[in-house]
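Taking the form predicted on its own, here's one chain by itself in structure tokens.
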Amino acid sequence: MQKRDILIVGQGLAGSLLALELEKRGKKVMILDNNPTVSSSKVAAGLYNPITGRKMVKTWLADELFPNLSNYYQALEKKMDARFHFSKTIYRPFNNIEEQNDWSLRTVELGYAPYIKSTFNHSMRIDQLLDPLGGFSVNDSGMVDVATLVSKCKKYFKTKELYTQCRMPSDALEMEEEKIKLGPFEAHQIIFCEGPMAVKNPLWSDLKFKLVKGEILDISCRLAIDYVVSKGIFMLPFKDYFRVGSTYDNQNQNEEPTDKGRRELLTRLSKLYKGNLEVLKHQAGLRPATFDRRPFVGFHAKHKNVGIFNGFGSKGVSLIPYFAMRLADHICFGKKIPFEVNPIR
């Protein structure tokens, strides 16, 4: 029986960053991962943006999340000796005059100034880009190549003997008051970071997950920009192509790309870009979202040594580092976790 302080089930972005935070605080961890062929971490676009949504408002916890987010990922790049973080300006064209006027009022609201880089009341006149009314650009935004990050973390965990690839059903978990056992492992606690697979875990059957399918395209085109454009759809310059996404489907709970999704993406793209393009790749994934768009971070109501770290949806790149630190501080130092993310809420 191999003894650890904490077992972590799942090595996506959530499991990886939580394991690193716990290791940093001196905990002996072991990651148990079934290495799924398709996962939200492997197909995620990895964008982070402090001003989001149709109403163009500061995202939840923006002032806590974004000032140090770039530094967090840069430090992780140094630790992993890899490049996966890219600071990128996001340009958001206006949809109509009303939106343009509303934004001019928004710019004087308390707390927005740090995130606004520039505002344009006329087109930027970029060839083939459709922005007749101008728009605004955002600070503290960028993208993380999540697939590369997770891959580099796996290599690190293997080197440290902190990773095991296996399939262990949750009903094989033996729970006692002071310890838990799963397969050949014994630990004080176990944290489930399973992403969409959590809906099949009977321990969390009471939680109100709302899985969302998202589809993205990789395209080749001649748009000559190095920033992200976002208006109902994003165009993210990455390597020598653009990543375009994404759809939002909470009905079809599978990870297969669809003709419907492709048509939707291309139709929305036509309102932003008018040039020729070639579709290079079409992917889909399930985001582990929740009923109230707040993640599940904490421990089981009945089994006090069984935890969950999940439900980050499309904002995982910005939310996971913050809550990985919060959960690690709770486990190691007894610091409180906000009730709004408590799984028993």
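Start at 1 with the first residue shown and count on from there. Only a predicted model underlies this, so the values are computations on that prediction, with no experimental measurement involved.
There is also a form predicted in complex with a small molecule; it is not shown, and the following applies to it.
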Between I51, M30, L47, V297, only one gets a heavy atom within 4.5 angstroms of the small molecule in the predicted complex; which residue is that? L47
Please tell me which of I180, L211, L265, M197 lies within 4.5 Å of the small molecule in the predicted complex, judged by heavy atoms. M197
The small molecule isn't shown here, but in the predicted complex, which of 286 to 294, 58 to 66, 300 to 308, 273 to 281 has heavy atoms within 4.5 Å of it? 286 to 294
So in the predicted complex, does any heavy atom of M175 sit within 4.5 Å of the small molecule? no
According to a 4.5 angstroms non-hydrogen atom cut-off, is C193 in contact with the small molecule in the predicted complex? yes
Can L18 be called a contact residue for the small molecule in the predicted complex at 4.5 Å between heavy atoms? no
State yes or no: in the predicted complex, is some non-hydrogen atom of H122 no more than 4.5 angstroms from a non-hydrogen atom of the small molecule? no
